[in-house]
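Only one chain is shown below, in structure tokens, and it's the form predicted on its own.
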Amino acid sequence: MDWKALVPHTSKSIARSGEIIDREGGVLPGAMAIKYFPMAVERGQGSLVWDADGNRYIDFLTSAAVYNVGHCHPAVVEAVRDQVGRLQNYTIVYFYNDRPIRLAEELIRTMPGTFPKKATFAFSGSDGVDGAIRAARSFTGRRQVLAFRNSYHGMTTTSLSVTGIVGQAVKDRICPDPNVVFLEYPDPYRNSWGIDGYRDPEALTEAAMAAVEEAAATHRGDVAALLIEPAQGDGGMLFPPRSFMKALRELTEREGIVFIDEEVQTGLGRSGRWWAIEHDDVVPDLIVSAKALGGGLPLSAILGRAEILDSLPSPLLAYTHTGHAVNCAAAEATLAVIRAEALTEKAEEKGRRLADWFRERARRYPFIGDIRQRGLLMGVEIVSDRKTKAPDKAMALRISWAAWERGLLLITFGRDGNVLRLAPPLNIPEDLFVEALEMIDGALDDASSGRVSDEILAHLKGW
């Protein structure tokens, strides 16, 4: 990022952040990043972060939906401090430790279904997806995976192979896997069938399921898993019809296909339920969790049917730091905070208010095209024309920049880069929630009134 070119367009002091930006460019490859603003985060507390220049921000990104309980929650910090002072970790590949056992017991309690369950751990959503697919292939003896276009599942070899938002040409060159079939995710707002999925969800389900049924029939006897996000996150926070999820589950049960519910971004209370798939009354075979699980420390989990996880031969779920003691302590504390502070209920209430607020603003701003929300899983689609639904990435970036200028971290995502991503901590205090709404209001006005220069667009990479 050429931060110096952005200096004339911001009232903030960004020199110290700029020094860090320059240093990063000399030692870290660009493939690590999709940069938005010229800021280097230095400190976080609760729903606030500060950059290296001392600028304060309300966090409506939470490091990509990681800090569901806020930054440096005292209970998480204390759990980490206590554990790291006694035992940082010792590999459970060879010996035993109760930390991952305790966490597994807690996670299993959250999962729907009456069947015997187990859990295993790694470090990121990517390797969680890898492990779930390995287990499905081991259990079924099959190879094919049904996945969805515009999905995001990670950057390890297997998870990238099943990620639909990365171009196929790139994947063919880097991680070719002929055993992945991509299908269209039934977006009620915009889909290739031309169906208004809000008015007629059953028609959208029927169209989408026809393609799924065809793929299952083509590869019958060789489909190991169906992998789906219950809300397609980086695709733009898309929620399929509930009837679609039920139909998918019926198909997987009929065909003996492992249903993998990828809840890396959507889980742990953010949707107003422990797991977003609970909104659809569907019980998956496996759930993959990460992001918010570790309370800020790197940790992923696969939980689900014991017989599926037990089907993998040793040591195919073993890593030196599997079930890392400190990370598991942080996760156990995070789950306790979600329960103690009733954060699923708070996500439901604040998410509903936030969606209603945007619906009111949509009367004034015609570029607000669609508002998608369950709990504090939320995306607001920005369009240049409501009738044609033409994506307007430039306007979305202007709004994000204007929000940043006012002290709010709000970025864009989606297959066209035109969706505002709203993911504050579930326990954001009321005063900061109201202040954030005022900042968004100002940002919408700034962007629509031409007060955000087009010159900034060339410097904001974004999705």
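From a predicted model like this one, the values you see are computed outputs, not experimental measurements. For every residue, the number given is its place in the sequence shown, counted from 1.
Note that the form predicted in complex with a small molecule isn't included here; everything after this is about it.
Which of 305 to 313, 122 to 130, 239 to 247, 195 to 203 has heavy atoms within 4.5 Å of the small molecule in the model of the complex?
Of the options given, it is 122 to 130.
In the model of the complex, the residue from G164, G351, G154, P391 that sits within 4.5 Å of the small molecule by heavy atoms
So the residue touching the small molecule in the model of the complex, by this definition, is G154.
Of T334, S271, Q265, N327, the one that lies within 4.5 Å of the small molecule in the model of the complex (heavy atoms):
Among T334, S271, Q265, N327, a heavy atom within 4.5 Å of the small molecule in the model of the complex occurs only for Q265.
Can you tell me whether D285 touches the small molecule? I mean in the model of the complex, with a 4.5 angstroms heavy atom cut-off.
The answer is no: D285 has no heavy atom within 4.5 Å of the small molecule.
Close approach of D234 to the small molecule in the model of the complex, 4.5 Å, heavy atom
Yes - in the model of the complex, heavy atoms of D234 and the small molecule come within 4.5 Å of each other.
So in the model of the complex, does E229 come within 4.5 Å of the small molecule, heavy atom to heavy atom?
Yes, contact at 4.5 Å.
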